[in-house]
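Included below are structure tokens for two forms of one protein chain, each presented in isolation as structure 1 and structure 2.
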Structure 1
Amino acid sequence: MLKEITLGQYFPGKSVLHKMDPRMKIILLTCYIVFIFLTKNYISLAIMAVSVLGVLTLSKVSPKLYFKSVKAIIFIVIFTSALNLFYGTGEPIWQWGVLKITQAGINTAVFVAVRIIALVLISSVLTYTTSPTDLTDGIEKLLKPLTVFHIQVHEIAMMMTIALRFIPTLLEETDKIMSAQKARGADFESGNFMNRIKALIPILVPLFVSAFRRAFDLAMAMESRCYHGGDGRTRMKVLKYSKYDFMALGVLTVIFVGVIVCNVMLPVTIRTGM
């Protein structure tokens, strides 16, 4: 199961998305997250969903990797959709005791499922096509206006990127520890809920020890290289917007305008929000 999680990994490539400026990708991702929650009918939702498929195609990353990212949260999607399915108001289509399914509940469940899957996929595109170094530079540049309030932007960006970078490493370490414990006769699948929780203790203890050791080694490596944050530091690679960034901005603007037009001109299927 842990091997199926691909969050935080970067896959080098030469696609259009790989060539885009990380700042523009972060901005477009933020705009997409906002607009997908503003969809009010199936047409506008379909526009956002199709745009995600187009972005996945442009990334030229293996579809199996995106399937793994969705597979990791499929239980959350099903559970959340099921809750919303029985939460709708109106004339029931099916009812059994206090449980009832309405058209509003079905609409809400569909919107919730599509939104969650779309958000996971579009977020995966950002990490798959952007190296940790570029991601750090992009976040730092976007947060640079906060330095007026004496906020250590570089340190914040560095911490966020390091945390994202070490997710695959910690997952791999967890898988190794579980395999070692299973070889010693540990059982993580049988028993009641409390027994399974107790069985995780032999995994969590060495995992925390390994995480702190890696953090200490990283801190020592940065200190030995005289790393002192972002003040006065130059960069080997200077971020510059290219034609791909402006083309992507134009395409996303058209898509967002289409969503707004659909929301205004077509009947409302669901109220704005989750």
Structure 2
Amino acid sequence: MLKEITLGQYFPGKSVLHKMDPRMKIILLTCYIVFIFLTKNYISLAIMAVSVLGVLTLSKVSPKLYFKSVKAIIFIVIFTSALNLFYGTGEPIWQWGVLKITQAGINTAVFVAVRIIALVLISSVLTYTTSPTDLTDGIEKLLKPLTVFHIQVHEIAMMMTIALRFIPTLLEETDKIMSAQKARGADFESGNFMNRIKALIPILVPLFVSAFRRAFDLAMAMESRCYHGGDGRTRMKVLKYSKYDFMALGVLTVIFVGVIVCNVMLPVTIRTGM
């Protein structure tokens, strides 16, 4: 059951996106997120939405996986959209008691829904096509300038690598512990709220114990191999930008310019966001 969770998972592949430098992917993702929120009318929103779909196709990851990651947040999308739908200002198109729907409300609802979905999809692309080690390498390199302020960038990156590395392990462990407690008659599915919270104790205690045990073991193993932080550490694989990175940069610059042009030239439909 827990194995179904795909968040933060990497799917090895040979697509153009897999070959890109993680630094470029992180930078472009950040720009993407900013631009998703910069869209001011349907045309620029459509440009972003279509380009997100384009990126998904390029990743060559099964559409089912993307569908799953959207499914996980669909409740939030519906909830926020519905909320926005009724909070628009202006002339009501439809009214029933205190509930009223206006054109502005519909616009906001659509924008919110498309923005959240696009955000989740484009972020999934990064984690699906970048191995955790590459990802943290990229983050480490990008944050390197912060060492000036005595921030221990390498240590932070290492902690992230380890955290990501242990997500699947801990999920598997949770699954096992749940099965073991179910075999002893534990009931997670019925009872009132308090009972359900109490039912989590037999899972959480063993899970924490094993997480600490793993942490100690790992610390010991790292020290045995003379790990002493980032000072003077060199890399076996040095990150390098390739032609794919510059191609991606070029294409996305065109898209971003397109969005800006549409925003400036065409009438504004929505004022929320950035």
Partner chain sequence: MSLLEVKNLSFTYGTGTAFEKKAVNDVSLSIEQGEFIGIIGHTGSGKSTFIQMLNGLIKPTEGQIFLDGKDIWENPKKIRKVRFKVGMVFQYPEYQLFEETVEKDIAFGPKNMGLKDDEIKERVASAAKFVDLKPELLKKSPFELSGGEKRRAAIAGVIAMDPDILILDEPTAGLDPRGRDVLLSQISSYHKSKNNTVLLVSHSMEDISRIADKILVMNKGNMFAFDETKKIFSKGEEIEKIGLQIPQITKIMIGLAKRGYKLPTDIYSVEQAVNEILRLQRV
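All residue numbers here follow the sequence of structure 1, with the first residue given the number 1. The shown structure was predicted, so the numbers you read here are calculated from the model rather than taken from an experiment. Only the largest set of C-alpha atoms that superpose within 1.5 Å between the two forms is called the rigid core.
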query: Form predicted together with its partner chain - which displayed structure it is; finding: 2
query: Rigid core superposition, P132 Cα moves 2 angstroms or more between structure 1 and structure 2; finding: no
query: Core-aligned CA displacement of R165 at least 2 Å between structure 1 and structure 2; finding: yes
query: Rigid-core frame, C-alpha of M178, shift of 2 angstroms or more between structure 1 and structure 2; finding: yes
query: Distance moved by the P206 C-alpha between structure 1 and structure 2 (core-aligned, Å); finding: 4.1
